[in-house]
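Here we start with a single chain on its own, the form predicted on its own, put down as structure tokens.
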């Protein structure tokens, strides 16, 4: 799985940071989480083709998370995008997308499907799932848990005694099915090892609340908004955002392996203090920068 941070700021772009957008890739699936203004230019800088996007997930309808969507859809149309683009969003997503595409002169060639997000599994692909969690923000907002499905890896050493190397039957073992080879039964349990799928949890705009730990539980990578420093804790509570310390406490309580902070207020020219605040609560912390790429 690959993550690219296309925008790591909040509210408005700065010289260093664009507003919110995260790109996720798993083999042929390319999902865009949020699409703040300027997102498609960030994609160009990272050489991500807009026409490869298969799905767009909108966490909530605040401007810094959605105002790039109209331009991106226009680009897809101009490039003769011939698939159906699926856009997920909170209640009202169909009306929102309708308003976006009627805010300027568009053609009618692009096919769009909208799906209203509800808590639970919203995407179930062959090799991974995306689960939505309701957050606690000033408007309906969601976070997401991306999980690779467990897979079976062939135990080549074990198969040597059966003189079985390359054969279509290996595919059956990887599916967890027992096989018969040269009149001998080979069980999937002995012939394969289960490799646990990786977990990426993404916390978008929210205040701190206890159930958020479920979203991040045992994540290999936790990406969390950390809009404010502890010095602006009162503002974080007022506007229902997290401090860097909040994000670190979530990582610690959920037993996440690594925490990446993002969605920084433009008031902070130097975010190193946010990282230091988080590191007082959790060991493995990194601050995201625009166009940063993580492979997991």
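It should be emphasised that the depicted structure is a prediction, and the values quoted were computed from it without experimental measurement. Numbering follows the first chain given and starts at 1.
Although not depicted, the form predicted together with another copy of the chain is the subject of the following passage.
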Which of 23-31, 62-70, 228-236, 242-250 lies within 4.5 Å of another copy of the chain in the model of the complex, heavy atoms considered? The stretch 62-70
Work out which of 52, 267, 41, 257 lies within 4.5 Å of another copy of the chain in the model of the complex, going by heavy atoms.
41
Would you kindly say which of 103, 187, 124, 84 lies with a heavy atom within 4.5 Å of another copy of the chain in the model of the complex?
103
I have 47, 99 and 140 flagged as a candidate spot, so tell me whether each of them has a non-hydrogen atom within 4.5 Å of another copy of the chain in the model of the complex.
yes
Wondering, does residue 78 line up within 4.5 Å of another copy of the chain in the model of the complex on heavy atoms?
yes
Is residue 74 close enough to another copy of the chain in the model of the complex to count, meaning some heavy atom within 4.5 Å?
yes
Check whether residue 283 has any heavy atom within 4.5 Å of a heavy atom of another copy of the chain in the model of the complex, and answer yes or no.
no
Does any heavy atom of residue 11 come within 4.5 Å of a heavy atom of another copy of the chain in the model of the complex?
yes
